[in-house]
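Okay, so we've got the same protein chain twice, two forms, each given alone as structure tokens, structure 1 and structure 2.
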Structure 1
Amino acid sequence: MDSANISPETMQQLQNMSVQEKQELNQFIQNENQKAQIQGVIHSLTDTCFRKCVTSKISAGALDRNEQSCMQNCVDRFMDANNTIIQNLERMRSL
């Protein structure tokens, strides 16, 4: 945590927390950071696939058949690539 942005009262409250409370707070912060990272990846994926697949002017409330197919393929390839990366990282970590 950046103590420059924390009030003295908050800093005192943090120092008075039990070990268990500090662990719970740390776990909460880690979970929130993971959620933010996942949301960032989803946003990036959505932006990338939308720019790639939706090339015509949007005139209806739904994608046309070609755009739907392109979006599905784009998401599938993204998931395949991420799964491959995760598997390779796990394999490297176990060495």
Structure 2
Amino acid sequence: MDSANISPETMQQLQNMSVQEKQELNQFIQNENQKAQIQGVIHSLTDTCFRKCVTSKISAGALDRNEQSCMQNCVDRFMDANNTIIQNLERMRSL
């Protein structure tokens, strides 16, 4: 992320913030971070699945039925793959 441009006054105000406000701000940032991470995964999954599922000539704007279900399966299988890898790593670690 870009370095935020925080004015000196804001900086001062930040230092004067109550503990509760600091906690709230911290929580907000954590939530936004998680959201950004999820959005990132969605972008990369869309990229991967679009390559796999939309292979014929693009003539219409909507996804046809096959493409639609392919996209959904693609996400589901990606999650399976992810879980499989984690399980396998767990198994390898315990060897």
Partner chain sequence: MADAKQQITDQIRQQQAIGNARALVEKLNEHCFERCIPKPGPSLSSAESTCFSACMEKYMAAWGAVSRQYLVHVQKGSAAGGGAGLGA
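Rigid core here is just the name for the largest C-alpha set that superposes within 1.5 Å across the two forms. Computed from a predicted model, the values in this text were never measured in an experiment. When a residue number appears, read it as a position in the sequence of structure 1, where counting begins at 1.
Structure 1, not structure 2, is the form predicted on its own. In this overlay on the rigid core, residue 38 has a C-alpha that sits less than 2 Å away from its partner position between structure 1 and structure 2. Superposed on the core, the two forms barely differ at residue 13: its CA moves less than 2 Å between structure 1 and structure 2. With the core held fixed, residue 49 shows a CA shift below 2 Å between structure 1 and structure 2. Once the core of the two forms is superposed, the Cα of residue 88 has moved 8.1 Å between structure 1 and structure 2.
Core-superposed comparison between structure 1 and structure 2: residue 66 shows a Cα shift of 4.1 Å.
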